[in-house]
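A single chain, nothing else alongside it, follows as structure tokens in the form predicted alone.
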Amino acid sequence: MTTQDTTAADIGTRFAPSPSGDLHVGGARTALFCWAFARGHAGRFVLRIEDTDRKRSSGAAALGFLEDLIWLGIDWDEGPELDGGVRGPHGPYFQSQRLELYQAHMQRLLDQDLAYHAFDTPEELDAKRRAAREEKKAYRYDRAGLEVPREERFARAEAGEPHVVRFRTPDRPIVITDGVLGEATLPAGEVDDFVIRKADGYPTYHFAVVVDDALMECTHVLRAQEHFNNTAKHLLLQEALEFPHPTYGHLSLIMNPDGSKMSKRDKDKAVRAAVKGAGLDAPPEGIIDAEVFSNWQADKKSQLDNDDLLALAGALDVVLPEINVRDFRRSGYLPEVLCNFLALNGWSPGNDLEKFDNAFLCEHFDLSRVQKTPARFDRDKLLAFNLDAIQSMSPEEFRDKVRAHGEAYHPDFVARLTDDQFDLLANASHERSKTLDELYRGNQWLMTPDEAVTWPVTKAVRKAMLKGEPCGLELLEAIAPVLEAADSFDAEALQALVNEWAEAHCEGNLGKIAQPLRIAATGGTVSPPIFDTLAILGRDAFRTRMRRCIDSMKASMGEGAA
């Protein structure tokens, strides 16, 4: 068979993830490119869930994929819906629901002797693989299954004897034509008789994907380069089943800046390093199960599940590297920025253009500008893109987006503030925010009850509060009654009041009193602009904290003198 001829209206692409975990950004980029190619050619984009691996597949993961794609702005013409419904004429779109279709096409191959039942036991196959290794040869299946007479094979399979089905690979070279990588030829004998139905009755990836791509009329298959060698098997199956060849385009991998593969193991490594640095032999109480922690520590190759990993990272104050789309959502990146950045990781619009939206991508995306070499995921550049996008928002847009992010990921924080307090915090944080999450991570002082704030005497706190003549603590004690008697506690009024006081008591040096005020209010040396900080906290809360801070600092001075 030859590659099918298509007009723009005939073009169909698909994204077919395996639901064994969260959507990796590499998978998201594949979905983005497939979607953009279809949209740019007025074609169809199909979402299919490849869940034939029963041990690894998860319904929750499949649902998460749908949610992540919607968040990214990627819609589909055919596929499952969030509400459990189905859209499109080629369903079902879960492979586990298409077994009868696969069996019908499998039977065609068996009847034509293009495939055969094989009854080799796992032990027999392992022995042959070991022998090949000892002889330093590549293992190739020896067609032992064909030594069983045809009628006997069918009879034993019909009787329920455990077996697999293998495709009978023709003994000839296989030419792969790829829209990104060009042409490659696999010599005869490179592909052995591979399994197309497993012993559990489920089709292998190779068989199911070929049947589904044909029946769902996918004319273009864009996928990761790691699938390139699989293409030879798929071309052979298409010929045997008399299916047209789609146009293939294999996309380069996305790597870390150091050249290592971006993997969820990166997160596990970060937490392991923090555990080792803290010298922990057991998890912090109530964070994760002690036995789970112990088993994880004992097996360096094992990985904690995502919830336990997040819980332990939070307890150890570890910032995890974002790997999956959900990580970037949680970290406060904007979907349009992530799409823009992912598109640049493997495709170039030309003319040194870097900033564009999804509509531009759909209009201009084509395979000729897809890069062959691995992309390096520059997190600093992504963060800069996100900062630029946030800075371009109106105050109202930023407030709405940052509040929606908080309601999703920091509900207790949002619930603790009044609407007026939140609006003040959003306005004060806008210019400083690189992500939607920074407002929450950087202002945890608002979550601490006034009676529970502490003032550790760090080097920066000691310098601001206990050094100089007069020291910051003395200035704070002097200004306390002035602030407590202030007519208004909004930022503008406070600025005028403190500036006037600083002229009289600090030779006009506002910095001498600003940092002691910040430390009293927050327990630390970092916050939004000081007058916004005081206004957000409010008169009563600030008074309580200020008086407690003065007492705490005096006690520290006494201890130091002692």
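Note that this is a predicted model, so its numbers are computed, not measured. Residue numbers run from 1 along the displayed sequence.
FYI, the form predicted together with a small molecule isn't displayed, but the following is about it.
Engineer: Just give me the single entry in 209, 465, 218, 425 that has a non-hydrogen atom within 4.5 angstroms of the small molecule in the model of the complex.
Structural biologist: Filtering the options by heavy-atom distance leaves 209.
Engineer: Of 226, 161, 183, 397, which one comes within 4.5 Å of the small molecule in the model of the complex, counting heavy atoms only?
Structural biologist: So the residue touching the small molecule in the model of the complex, by this definition, is 226.
Engineer: 276-284, 134-142, 404-412, 226-234: which one contacts the small molecule in the model of the complex at 4.5 Å, heavy atom to heavy atom?
Structural biologist: Among the candidates, contact is made by 226-234.
Engineer: With the partner left out here, check for me: in the model of the complex, does some heavy atom of residue 16 sit within 4.5 Å of the small molecule?
Structural biologist: Flag for residue 16 set to yes.
Engineer: Does residue 205 reach the small molecule in the model of the complex, with heavy atoms at most 4.5 Å apart?
Structural biologist: Close contact exists here: in the model of the complex, residue 205 approaches the small molecule to within 4.5 Å, heavy atoms only.
Engineer: Considering only heavy atoms, tell me if residue 50 and the small molecule come within 4.5 Å of each other in the model of the complex.
Structural biologist: Answer yes; at least one heavy atom of residue 50 falls within 4.5 Å of the small molecule in the model of the complex.
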